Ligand code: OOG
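Next up: just one chain, as structure tokens, the form predicted on its own.
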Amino acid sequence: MMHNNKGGEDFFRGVLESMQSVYLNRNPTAKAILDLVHSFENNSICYDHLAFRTFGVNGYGIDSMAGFFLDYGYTQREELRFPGKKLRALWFSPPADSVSGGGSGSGMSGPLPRIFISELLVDQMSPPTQEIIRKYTESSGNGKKYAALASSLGHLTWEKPLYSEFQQLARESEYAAWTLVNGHALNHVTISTHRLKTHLRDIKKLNQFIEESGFRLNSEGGVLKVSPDGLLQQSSTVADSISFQFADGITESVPCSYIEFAERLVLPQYENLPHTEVKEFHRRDGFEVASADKIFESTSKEQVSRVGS
């Protein structure tokens, strides 16, 4: 769809750029790390994926954000389930021609990223929590049609909650509390480490570089999260906090977003390919439930309030 539709692609990338600028304005750590890696890498950074959180209720779930990406040539892939956190997720792969030929640029002007969208299984929550979530999603009118627009503007589609409601959600689900105050904002962008040009392409070296530069990485389940096949390796920073004024005038610090790093290793059947011929499709694709489960913790109070390393 993309290649005959230059105007469409420019518009689509413009929306992603806006989502990214909202994210960079609110998350100084993510901005500092991107700037740092940019300067070290002479400005070539590709994104592995972008991630969003949603409430799985009354049409506000995954579909509300997915429609935008499907309209611009993305393909729905596997579902992931997180029973402990009462979440499910779907991921979407970008149009083929945008990965190989298109986008020699960096960031959102580079190869289009995968998209990872999760949703809270609201009907599995306690009645008080369900009631709060339903109250706010219902207060947003037809907002569920405009998730991508809300994300690119950095605006909630529902009204601001009371602090006590945020606390009620936080007691039961850190994810729910995050989504209540951040809405459709980018939850994280992920740097594709194997596409970097310097020695930072090795995620262990990148992690070391990030930590030596004074940033904290999410230590849940170890700093490096490795899939059982060993071919998908991920790490992430701890989320920044942002000051949020609740509807009752109380201003409190709430978790915002973080940045993730992912290295996808070459699949066994392609391991004899010369390095210069290896393309993204020769590498491990998809996501790993156990690793993603730990990455979700990047916005949790335990990680955000951790002192020192």
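In this text, residue numbers run from 1 along the sequence as written. Because the structure is predicted, anything quoted here is derived from the model rather than measured.
We do not show the form predicted together with the ligand, though everything after this point is about it.
If you superimpose the site C-alphas and bring the ligand over from its pose in the model of the complex, none of its atoms is within 2.4 angstroms of a backbone or C-beta atom of this form, and that means open. This chain appears without its partner; in the model of the complex, the one residue of H188, R195, R114, K86 with a heavy atom within 4.5 Å of the ligand is H188. Only one segment in the set 196-204, 127-135, 143-151, 180-188 has any non-hydrogen atom within 4.5 angstroms of the ligand in the model of the complex, and it is 180-188. Shown alone here, E263 lies farther than 4.5 Å from the ligand in the model of the complex, counting heavy atoms only. Put simply, Y23 is far from the ligand in the model of the complex: not one heavy atom of it is within 4.5 Å. Residue contact with the ligand in the model of the complex: I295 places a heavy atom within 4.5 Å of it. Contact annotation: H49 falls within 4.5 Å of the ligand in the model of the complex, judged by heavy atom distances. Looking at 234-257, the one residue that comes within 4.5 Å of the ligand in the model of the complex, counting any heavy atom, is Q234.
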